[in-house]
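This document contains two forms of one protein chain, each encoded as structure tokens and listed individually as structure 1 and structure 2.
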Structure 1
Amino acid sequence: MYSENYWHSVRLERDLCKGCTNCLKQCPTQAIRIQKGKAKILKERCIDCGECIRVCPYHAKKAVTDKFDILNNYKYKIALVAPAFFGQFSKTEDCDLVLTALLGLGFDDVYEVARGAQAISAKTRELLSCGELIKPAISSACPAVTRLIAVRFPNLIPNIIPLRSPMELAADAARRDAVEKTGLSPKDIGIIFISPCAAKATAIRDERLVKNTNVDGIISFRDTCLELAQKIGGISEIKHLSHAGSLGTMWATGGGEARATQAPRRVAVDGIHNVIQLLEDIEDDKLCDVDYVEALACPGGCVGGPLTSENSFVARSKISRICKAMDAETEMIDSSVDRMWDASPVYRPVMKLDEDLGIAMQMAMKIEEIAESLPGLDCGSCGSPSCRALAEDIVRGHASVEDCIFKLRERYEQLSGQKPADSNNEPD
């Protein structure tokens, strides 16, 4: 199901898009342009952080996820549940009840990603103590952040801890357990991740991110919650299905992952724009005395994911109550299940102007010159996120100076030899 040409999971619903500038201005990799009144995503630049989904007032940004019919493709179906999921329900804070209800949606078994998280934390502690990691070591858990590093911070690729995501580790362990339990062939087992975010959907479809994924499909929190809400009231017998501890479950919220590493000097940052600021500082060598960096694209961590249904602050408080009743750590995933990743992120120089340095320099000079002549308002009316971005788009051949409404007005004045009506009516 994955391919080399898969770029991103965030998509535009053309009919809903009004061509406003909300997403344009918020995109951290300047991956959006407005063309002919509609937003367009530049596929190479999108890192699936979901900022545009969050800010679009018209709900025109969606994430491609699977629907429940994907379950029909497999003989034995396992719901792989992200810890933030347990914070999505207004009336229940019982993990066993939520997991039991999932069985009613057609899953044969459930597996908590928090168990993978707890194992990744343990492995991280081990790697930190042998002192082989480049400091500050950056967590590999958030796929939007690792992709951000791959496109904007190539110098920091060696700082990323070479571990699988908790989702991948848990999926691998779940498949092994299921093969043992059912005697089925591994390919008959469907591992479906219940996801708070779009970046996870890409992480299983793009071979450049994870070579051999164990996750077969992704269904969003929202779609699952809708279905689950109808089931949850009718459960008569709650099965004991929850095996995760609080250290793994706390990964759902900002700071939980960093705390589980027990690193003496750790920093936790959330929200993609905050992450960028911190990565800039790391790149400039300003954080060399820090051991561990947890960096999550969504505000508040995974509970703030764009595909969640509950308010992130409310979800956070629920998760923390749920964790109080849990043991810190539970039985570890068997050490024969590999913790290390199978592929390191590869530098994708998507901001580069040209392969040839000489040409790139000529283009850069032209950009400077054009940027100087633009008004510097960064209004976004031209369809580019800033005046400088417009200058770049012009030099790249994707836009023209007349896309700037101020330059267009100047041109109109020159051609007609008169000022437009409104500028003649200036107050005295």
Structure 2
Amino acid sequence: MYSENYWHSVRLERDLCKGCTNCLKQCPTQAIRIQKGKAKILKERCIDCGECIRVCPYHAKKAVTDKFDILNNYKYKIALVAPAFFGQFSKTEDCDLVLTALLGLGFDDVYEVARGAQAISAKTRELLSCGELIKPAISSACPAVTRLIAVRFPNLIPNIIPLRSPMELAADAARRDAVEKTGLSPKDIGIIFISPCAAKATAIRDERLVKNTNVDGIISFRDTCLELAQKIGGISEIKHLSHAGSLGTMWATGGGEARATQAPRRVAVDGIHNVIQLLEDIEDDKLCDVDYVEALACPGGCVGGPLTSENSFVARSKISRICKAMDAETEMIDSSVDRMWDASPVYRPVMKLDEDLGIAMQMAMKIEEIAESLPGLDCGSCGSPSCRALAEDIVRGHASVEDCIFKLRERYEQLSGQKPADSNNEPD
């Protein structure tokens, strides 16, 4: 059977799992099964979107991120701050106050990812105007979406705009500035991204997504907000540390990225299931008149990430107010920092059944045969997300036909000599 090792930030804590099937039903790539009363994540299918983290009522899905002790590994530490972070605080919308508070957590400096977003927006406008992109051009900013395309929509890989993510661009610029400022070696400088999502943690550790990352660690919004809660109110001197404009900061919310490109024919979609529907429409040539597509896995954009601490609607409103008080664009990242990515996403053949083509074809035929025999209700009671997924699991040797409760009932009735109950008959 075909398999390949991928690094993942989304992990299962089996002791907490109750086998409730919530994650099974919501996973956009059918990467979860329920076996022996516990969830199991199929690594080759998982895109680390964090949807299972969001819907699990028992908190059995976790994102692997770093703790603050990672700062001890570096002589000079820089907090790389996502624009959505400014919407996480109930008592302040002052970006400078938030950034100043971060210095009290052990960071020596801060750098806003919104500055990277400004630069990427400007480069996107340039590429769109030059006519160099395959239309509709799909943003490369969300790592969960690029991974989704690599898994389910490989024909759309050429449509992805070949630009680095704002996080990577900002990290590169932050390291260069720090080397010039401190005289330290680049390896002595730690760039720590404050993240709203699990997919970013995957992106810096899986070379299939980013070949040469400048990000040294990931700390979640939640962990950071917990640390800041007691410090942010006691700051007496606020430093002027914010240098981003509204065009970069608005990337925190759904539609902000698309507006920043100023493309006249643009579409913005958020929420992984909505993204899938849109990508299917692109494959079916239903968006031929669209120039640019912003696709974000989290509902509402990054403010709705699974590692955030504030209600996404409240955070979105705060970001909107913050942007109104900003200039559109302020300090740009130096043009010497390369905007283009170093490698495109690679197709991940998760449906590959076997290295031997003949065996794979036989397995595929068997899957279709078994799927035809199943009821087609996709109820999930068997522990697979759909009847066809169960058929595949049976052929792969991970399940049996009797896992289907309807097939099991048929088998029981055959063995016991009972006839199926007629639900339309009235009781005597």
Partner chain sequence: MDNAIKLHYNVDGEDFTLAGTTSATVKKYLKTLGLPPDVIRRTAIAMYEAEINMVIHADGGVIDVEITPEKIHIVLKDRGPGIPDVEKAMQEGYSTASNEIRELGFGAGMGLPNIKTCSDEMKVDTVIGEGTTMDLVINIK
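Quick caveat: nothing in here was measured; it's all calculated off a predicted structure. For the two forms, the rigid core is made up of the largest set of C-alpha atoms that agree within 1.5 Å on superposition. Start at 1 and count along the sequence of structure 1; that gives the residue numbers used here.
Between the two displayed forms of this chain, it is structure 1 that matches the form predicted together with its partner chain. Core-superposed comparison between the two structures: the CA of L357 exceeds or equals a 2 Å shift.
The Cα position of L377 changes by 2.7 Å between the two structures once both are aligned on the rigid core.
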